[in-house]
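Only one chain comes next, encoded as structure tokens, the form predicted on its own.
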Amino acid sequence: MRKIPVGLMGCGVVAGYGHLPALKASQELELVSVFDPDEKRLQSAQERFSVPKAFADTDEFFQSGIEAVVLASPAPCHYQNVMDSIRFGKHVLCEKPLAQSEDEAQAMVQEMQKAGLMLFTAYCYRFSSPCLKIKELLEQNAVGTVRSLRLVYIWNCHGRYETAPDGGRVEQARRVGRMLEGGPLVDCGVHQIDLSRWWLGSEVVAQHSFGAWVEDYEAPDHHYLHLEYANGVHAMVEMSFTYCHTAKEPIHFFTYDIIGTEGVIHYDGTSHTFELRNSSGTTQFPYAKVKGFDAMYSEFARALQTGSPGNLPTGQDGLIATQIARRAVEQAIQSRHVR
């Protein structure tokens, strides 16, 4: 079977541990070319993953024989990357958050639709085996009628400080960048927002958020978001970038709890627990991490072949999660000013 030729823009950290290895391992996709404006990063990615072509020029990249593009570039680049993809008629799988603003995200979705091109959002959590299993269990009514979801990811975001080339201590750049782009809810929380919508098959009808500020960024670095769904379910998402961020020995917590009338599904990334507890007893499932890059790319290939998204999050899914997250951040900031 012919492999579909694709290219990747942005050879940073996430591309290095997630996108590029999955693309190279794909049986359906062929990684033809990579793009990055940083020549050192570009060369490193090309050599490490044996990519045939590498470009620092946008037009040359899009004319390298690819049929679709993966955007693993920084969020501020996504809008222009998508507009360039439209110019060259390429389908897009875009990393989260989809855009820097709601207006940009709306324009990306609308312009791709006008061009007859597919836009997908790389919510890779959907494709991890635990998240797929939770979807299956909910469809089987394993916990009865779902009443509440609790999704928690509190961590240090690589710590507050890093060592500078001169040996001094400076603010950790990756963490600073994420805070300036909207903080933990916009950066990581969109995964949890997308999962809850997908698991429940229902839309958010009301939301309220509370923020806590350990440091003096505009966005809160510890965030609590409460969501009410059309089907009556309540979901709470808790996200943090400052949990143990200055601790010598940091720990983190990553948990999912789905609470229903007939039982509970519990996933714990710290204790490596994944179980169902209901009236039939307790069922233990194999533990796995929650990022499913390989399965996501299999679904991407299938979407490119068929023209149907399947379980792949669309641009509209990316827009909705970003809308909810950014509105929550704005609400928290406004409440802080009032206080």
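Fair warning: this is a prediction, and the values are worked out from it, not measured in the lab. In this text, residue numbers run from 1 along the sequence as written.
What comes next is about the form predicted together with a small molecule, which is not displayed.
Taking the partner from elsewhere, R302 is found to have every heavy atom lying beyond 4.5 Å of the small molecule in the model of the complex.
Though the partner is left out of this view, M9 does reach within 4.5 Å of the small molecule in the model of the complex, counting heavy atoms only. Taking the partner from the other structure, the small molecule in the model of the complex has a heavy atom within 4.5 Å of a heavy atom of Y125.
Although the partner is absent here, P97 lies within 4.5 Å of the small molecule in the model of the complex, judged by heavy atoms. A heavy atom within 4.5 Å of the small molecule in the model of the complex is found for one listed residue only; from T242, S209, S73, S196, this is S73. Though the small molecule is absent from this view, in the model of the complex it lies within 4.5 Å of a heavy atom of just one residue from D57, D38, E275, E47, which is D38. Looking at the small molecule in the model of the complex, residues Y17, C77 and N81 each place a heavy atom within 4.5 Å of it. Remark: of stretches 22-30, 289-297, 276-284, 309-317, the one touching the small molecule in the model of the complex is 289-297 (heavy atom within 4.5 Å).
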